[in-house]
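This document opens with one chain alone, in structure tokens, the form predicted on its own.
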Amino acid sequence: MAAPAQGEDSDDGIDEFMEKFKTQKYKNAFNESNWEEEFDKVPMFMKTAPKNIDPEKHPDLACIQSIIHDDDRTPEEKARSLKDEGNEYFKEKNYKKAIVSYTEGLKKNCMDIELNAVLYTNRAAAHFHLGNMRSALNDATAAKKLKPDHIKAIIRGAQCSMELRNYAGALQWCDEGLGLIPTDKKLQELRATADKQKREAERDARKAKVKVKKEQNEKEALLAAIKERGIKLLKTKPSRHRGSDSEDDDGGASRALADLELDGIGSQEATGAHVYMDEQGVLHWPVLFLYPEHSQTDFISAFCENSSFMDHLAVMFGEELPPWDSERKYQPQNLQLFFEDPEKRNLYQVDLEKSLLNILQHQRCSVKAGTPSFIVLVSGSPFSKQFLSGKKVQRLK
């Protein structure tokens, strides 16, 4: 439990306060000449109570009288008193306490419609300043229901709708208010702003819809191009959702392309790259190279399907070799590339002069989750011999 702060809800200053009595004389203390008069001001020791209690002269007595006779007041009087209390809290910017007072006033269920409308409107204002826009809007609506011409409630409703980005609702509030007071500048300004932002929101929604449609068309065209080339996609296991036993037409392409996202080391995690089709209809694939001898990987984010492997290897292992190749064995002419058949686990050696498309179209080659992957070994090296031993390897013609 946190300790109370100095000077707040603690007795830290009591000892110091009491010590002052040893050196300083207490001011305003009772003395022999006025003690009876002073005692008579304390309600507990009064011999007789004044007929008319003035809260300025007898605040304690007025408070006690208010507590004793609270039940004697009408619901309207109680509600108005709580409204005034809430207004004082509101002036102090203590909006939470103001809300409590206004709420208690509404609970009195008084029959004064005007007063109840004010209580709702004032509570809406307190909620508004606390950022509780939905609650503020509800209170403004309740106030307008009680008093349809309550202009403050209408303005508050328009403001809340603006904050909630319900521009159509804000326009409706403004139009109702301007129907009552056509010259109200606040409502005129709110309406102009709401109309402008409504048009901007509608424009942005149209742009977003066009963008989504364009992206969907591009996805469908990409999937069709992959299928047309006869490239096999190795699908990841789909997660079954309740109520989704069948695929709808609109989501078919999206789900198919979802299989092009990596579920491990690969394009999405490595660089965020994914297969795409350029304006000439040529596919560019993210390609992963694995170097098991050194537990390293390399990544090409956009491998043109018409480029050969040697084109890229000549760049990757040109003048500047990777730092992990301390023996400088990874020269393009020394390298062998393999892909793995996911079903039979056989390895197929790739002709480095072949294009990526030519290899991807092979009947035993599959693209797992959008990224073609190839194993790179140094031909004739001790590690290569050990790695390939016991594996069935076929050379592509």
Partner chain sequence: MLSDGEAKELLSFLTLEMRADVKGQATGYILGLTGNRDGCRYLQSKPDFLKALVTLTRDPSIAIVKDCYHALVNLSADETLHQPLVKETDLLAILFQNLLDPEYMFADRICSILSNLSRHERTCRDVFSALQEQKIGLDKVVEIFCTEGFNKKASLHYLGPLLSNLTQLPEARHFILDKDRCVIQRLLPYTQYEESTTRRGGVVGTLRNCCFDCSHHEWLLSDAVDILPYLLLPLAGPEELSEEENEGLPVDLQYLPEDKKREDDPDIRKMLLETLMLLTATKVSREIMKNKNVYPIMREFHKWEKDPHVISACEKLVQVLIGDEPEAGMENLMEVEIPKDVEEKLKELDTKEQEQMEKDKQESEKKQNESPEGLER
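Numbering follows the first chain given and starts at 1. This is a predicted model, so every value here is computed, not measured.
The form predicted in complex with the partner chain is left out here; the points below concern that form.
Do residue 295 and the partner chain share at least one heavy atom pair within 4.5 Å in the model of the complex?
Judged by the heavy-atom cut-off of 4.5 Å, residue 295 is well away from the partner chain in the model of the complex.
Taking heavy atoms and a 4.5 Å cut-off, does residue 111 contact the partner chain in the model of the complex?
Judged by the heavy-atom cut-off of 4.5 Å, residue 111 is well away from the partner chain in the model of the complex.
Spell out, yes or no, whether the shortest heavy atom distance between residue 203 and the partner chain in the model of the complex is within 4.5 Å.
Close contact exists here: in the model of the complex, residue 203 approaches the partner chain to within 4.5 Å, heavy atoms only.
Give a yes/no on whether residue 188 approaches the partner chain to within 4.5 Å in the model of the complex, heavy atoms considered.
Contact check for residue 188: yes, within 4.5 Å of the partner chain in the model of the complex.
On the criterion of a non-hydrogen atom at 4.5 angstroms or closer, are 183, 207 and 210 all touching the partner chain in the model of the complex?
Per the other structure, all of 183, 207 and 210 touch the partner chain.
Just to be sure I understand the contacts: of 88, 77, 104, 175, which is the one whose heavy atoms reach within 4.5 angstroms of the partner chain in the model of the complex?
The residue in contact is 175.
Given that the partner chain is left out here, which of 145, 165, 227, 199 has a heavy atom within 4.5 Å of it in the model of the complex?
Selected residue: 199.
Please pick out the stretch from 129 to 137, 277 to 285, 188 to 196, 114 to 122 that is in contact with the partner chain in the model of the complex, where contact means heavy atoms within 4.5 Å.
In the other structure, the partner sits against 188 to 196.
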